[in-house]
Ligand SMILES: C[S@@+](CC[C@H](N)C(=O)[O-])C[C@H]1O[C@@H](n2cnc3c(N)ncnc32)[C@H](O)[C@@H]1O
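Take a look at this single chain, the form predicted alone, given in structure tokens.
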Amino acid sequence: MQQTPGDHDDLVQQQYQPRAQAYASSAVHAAGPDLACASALVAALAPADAGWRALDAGCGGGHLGFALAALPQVAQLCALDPTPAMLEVVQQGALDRGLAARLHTVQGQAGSLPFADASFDLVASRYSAHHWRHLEAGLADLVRVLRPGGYLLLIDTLGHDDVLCQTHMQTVELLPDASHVCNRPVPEWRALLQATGVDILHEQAWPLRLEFASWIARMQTPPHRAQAVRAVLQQAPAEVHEALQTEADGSFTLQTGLWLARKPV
């Protein structure tokens, strides 16, 4: 008998519950110029004794939350994720880094955040939004829990302006990860953020190389799906190869985008 598929929330749990430790130890997620930039930007926003409350929404393995919780400006950070196993590895990571007194975890997701309006001075999210089915509602919810004058920091993989390249990119992302929704191109991100009413202060992008073997291993991708990814890339037209900087072993390069915005007073 064919199993009835669950909804998108079920797919997120199925994808990430057994992979939490892989994301906690992922070199791609644990480092990167976007993390260093995020820390520097936030540190420049307020004095060291600001005593900020911060939220990391869709915290995954916790790397952005760890970076922010280590800043003197941040007194308390809430790491929020829908997947219990992710929260467990984040709690352990906070203990290992001496951040347990400043970082706590809550299960939940953007769009139905369990917090009152204006609860946080800083709301952040990294490599999570491309999994949000209702991105507009999720962003509005992040802004809702942000105090007037507070800051929104978003980091995510970018989509492509060219529809041909965008279609191939989304196919390559979806084959290993059924919970993937969409990587949004820069103009769409700007429009989405502006629609929430925030003022964009800074935006920046960096290349993000995904080495094929480690990416497939981290995703625990079945062999037939890994082969399908290779086939999509191998058969892609020249425009796609150029856009994704594809390599002979199947590795390719996306772009990571960062936005810092402020909620009007």
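Residue positions are given as counts along the sequence shown, with the first one as 1. This structure is a prediction, so every number in the text was calculated from the model and none was measured.
Form predicted in complex with this ligand: not shown, discussed below.
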- request: Report the residue, out of 139, 169, 86, 122, that has at least one non-hydrogen atom within 4.5 angstroms of this ligand in the model of the complex.
  value: 86
- prompt: Does at least one non-hydrogen atom of residue 59 fall within 4.5 angstroms of this ligand in the model of the complex?
  reply: yes
- prompt: For residue 105, is any heavy atom within 4.5 Å of this ligand in the model of the complex, or not?
  reply: no
message: Would you classify residue 185 as touching this ligand in the model of the complex, given a 4.5 Å non-hydrogen atom cut-off?
response: no
message: Since only the chain is shown here, I'm wondering whether residue 160 would be in contact with this ligand in the model of the complex (any heavy atom pair within 4.5 Å).
response: no
- prompt: If contact means any heavy atom within 4.5 Å, which of 131-139, 96-104, 69-77, 161-169 contacts this ligand in the model of the complex?
  reply: 131-139
Check all three, 174, 216 and 236, heavy atom within 4.5 Å of this ligand in the model of the complex: no
